[in-house]
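Below you will find one chain, with nothing else, as structure tokens; this is the form predicted on its own, and questions on how it binds or moves follow later.
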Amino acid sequence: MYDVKKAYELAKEYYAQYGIDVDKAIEIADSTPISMHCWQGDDVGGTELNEDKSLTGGIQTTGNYPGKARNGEELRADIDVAMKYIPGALRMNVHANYQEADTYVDRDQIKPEHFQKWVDWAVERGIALDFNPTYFAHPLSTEKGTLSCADEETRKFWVRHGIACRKIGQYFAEKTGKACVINHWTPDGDKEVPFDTLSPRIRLKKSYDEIFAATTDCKDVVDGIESKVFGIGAESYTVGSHEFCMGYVMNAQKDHIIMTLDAGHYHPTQTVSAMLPGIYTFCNNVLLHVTRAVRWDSDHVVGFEDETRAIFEELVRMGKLQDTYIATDFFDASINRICAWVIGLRNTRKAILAALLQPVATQQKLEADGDVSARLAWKEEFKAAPFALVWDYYCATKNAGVGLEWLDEVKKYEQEVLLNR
């Protein structure tokens, strides 16, 4: 291993000549929370006491890598291993289908006590819990829809589920002492373009209205409304489109209802980095789902790629990094699931730190002065800046593994634990 500290000092000198405080950038990056999603560890299977674990509602994982977590205890143990190698402030994001009741409890009847093991685990580690209603992988999650379903009995069932989830979110906030961020996403849509595209959206709006009206007394809960272009079985029409969700958030005019932007939920020519300034023109907060799409919403492991970097560069330039709730959302069953977590979360944190090491003030001044030639020169110059040396030092100070040091430890855990399941 090379001299990480010496390399860091050289990198500091490089950045200092451009007026960039590296220590300050590390401090901000380290304290920026990322909500780590639990469902990577078991391919979104959940821990409900039902025999059918098949995914429906446009959700699909590919691969059958050995060692998948089979219950909540194994899942949390795997999360603990992954967290060792993910530096910085973390939260834990749980889906409603990860309840742990003694007997099967349907989703409209779930209560805080069914998630007590998650609460105890989070409190012991001093981290916050976030939550998600699970509007998919259920007998009542069909091509007819959930919150937008024309069948009133089915729609009401899912409204009750949303209400229950907000109450659970408040319980999480009470027990952890930190606000709970809840994300609402429905798979409702159609394989072909329906004749009536308005009525389902009116019903979806009605359902959201009923969920929030029934839980006005819930405190310390933030609700993201997530859109999507299409899903499996809903290729031609999505009820919760970007326009619908943005319209609902703007019309609601409530601080706790915000827009969720998922990096994999749009057409390949659309980017979240370009959407953020428009949303922040009218909103104070955004819930960001960091993922990687490959030609469509395939939820690949987050890479340290152009769009991921552009998203955080935009947030830093706007001064909105701390106003954004950051969460990861991917699921890959084709590789070691702990490796997927570590790679994806490290790349997310890496993109945050890289964005904080950009000469923002200088480029803003050059742009204000109309010197677009210099602005471009500065932008291109920093693509070759010694960022990796800063990242390695940061990981070393957090004892999270420099470079690929963490990989041997995860592989050892695979041999000793995962492959024996």
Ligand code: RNT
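Worth saying up front: this structure is predicted, and the values here are computed from it rather than measured. Residue numbers here begin at 1 and follow the sequence given.
There is another form of this protein, the form predicted together with this ligand, and it is not shown here; the text below is about that form.
Going by heavy atom distances of 4.5 angstroms or less, which of 85, 208, 185, 158 would be at the interface with this ligand in the predicted bound form?
Contact with this ligand in the predicted bound form is made by 185 alone.
Given that this ligand is left out here, which of 332, 190, 314, 262 has a heavy atom within 4.5 Å of it in the predicted bound form?
Looking at the other structure, the residue within range turns out to be 262.
Looking in the predicted bound form, is this ligand within 4.5 angstroms of a heavy atom from every one of 76, 125 and 175?
Not one of the three qualifies.
Is it the case that residue 391, even though its partner is missing from this view, gets within 4.5 Å of this ligand in the predicted bound form, heavy atoms only?
The answer is no: residue 391 has no heavy atom within 4.5 Å of this ligand.
Report whether the minimum heavy atom distance between residue 387 and this ligand in the predicted bound form is within 4.5 Å.
Contact check for residue 387: no, nothing within 4.5 Å of this ligand in the predicted bound form.
Looking at the partner-bound form in the predicted bound form, is residue 34 within 4.5 Å of this ligand by any heavy atom?
Judged by the heavy-atom cut-off of 4.5 Å, residue 34 is well away from this ligand in the predicted bound form.
Would you classify residue 136 as touching this ligand in the predicted bound form, given a 4.5 Å non-hydrogen atom cut-off?
It does: once this ligand is placed as it appears in the predicted bound form, residue 136 has a heavy atom within 4.5 Å of it.
If contact means a heavy atom within 4.5 Å, which one of 337-345, 221-229, 243-251, 302-310 is the stretch that engages this ligand in the predicted bound form?
Within 4.5 Å of the partner lies stretch 221-229.
Is any part of 32-49 within 4.5 angstroms of this ligand in the predicted bound form by a non-hydrogen atom, and which residues would that be?
Contacts from 32-49: 39, 44.
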